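The chain below stands alone, shown as structure tokens; this is the form predicted alone.
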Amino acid sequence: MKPKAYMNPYLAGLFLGFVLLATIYVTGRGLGASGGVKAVALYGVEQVAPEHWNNTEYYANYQQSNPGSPLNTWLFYEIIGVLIGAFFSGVISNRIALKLEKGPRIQSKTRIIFAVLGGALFGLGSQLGRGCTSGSALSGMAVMSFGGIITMFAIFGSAYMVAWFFRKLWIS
């Protein structure tokens, strides 16, 4: 069975804006992804090294402002919802498969190394910038935050600057 075509990106962007607006209206907060990943990392530290968890000021401050389990945050449940929604979207569109998306000039191993390295750098940047593309940039711009606008320009500006160096890996 042939997979369905992707949605028009402009229409998808419009729908994303409506989801963001509904999220702010219903919850009083914007969307975010890095906060959910951070919650999972904190939960891991709490479970694997409880003595370190109990003796570190950063974790004590986090625990004080977020009592209970680190996973007891709406961002964690948002991430679970995104994964479930993505799975159902893949099923409906007939796109469920294990495959590695890559350009013709890159080997699978190199592609995986770049993906992990890029993800780690973006995760580090999201923590230094107090939010990722969705949490800081999209949600920040939705409430006309100057920091959100600066974040969006920084993310896309740096992507355009770096893309030139890696473009030959993706095009033939």
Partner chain sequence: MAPLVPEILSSEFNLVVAFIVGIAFGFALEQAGFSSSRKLVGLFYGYDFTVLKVFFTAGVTAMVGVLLFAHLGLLDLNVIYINPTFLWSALVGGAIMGVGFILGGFCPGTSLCALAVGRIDAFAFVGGSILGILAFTEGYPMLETLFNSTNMGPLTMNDMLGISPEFFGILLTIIALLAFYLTSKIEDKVNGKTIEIPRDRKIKYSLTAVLPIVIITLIWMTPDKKEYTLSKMDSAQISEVSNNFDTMTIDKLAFEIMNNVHEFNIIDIRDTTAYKEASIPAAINVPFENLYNREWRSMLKQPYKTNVFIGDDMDKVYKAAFLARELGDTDPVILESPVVEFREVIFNAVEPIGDVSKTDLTRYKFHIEAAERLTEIEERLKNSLQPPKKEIKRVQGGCT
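Computed from a predicted model, the values in this text were never measured in an experiment. Numbering follows the first chain given and starts at 1.
There is another form of the same protein, the form predicted in complex with its partner chain; it is not shown, and what comes next is about it.
Taking the partner from elsewhere, G147 is found to have a heavy atom lying within 4.5 Å of its partner chain in the predicted bound form. At a distance threshold of 4.5 angstroms between non-hydrogen atoms, Q63 is out of contact with its partner chain in the predicted bound form. With a 4.5 Å cutoff on heavy atoms, P104 counts as touching its partner chain in the predicted bound form. With a 4.5 Å cutoff on heavy atoms, P70 does not count as touching its partner chain in the predicted bound form; it lies far away. For the partner-free chain shown, W74, L75, Y77, E78, I79, I80, G81, V82, L83, I84, G85, A86, F87, F88, S89, G90, I92, S93, R95, I96, A97, L98, K99, L100, E101, K102, G103, P104 of 74-109 come within 4.5 angstroms of its partner chain in the predicted bound form, judged by any non-hydrogen atom.
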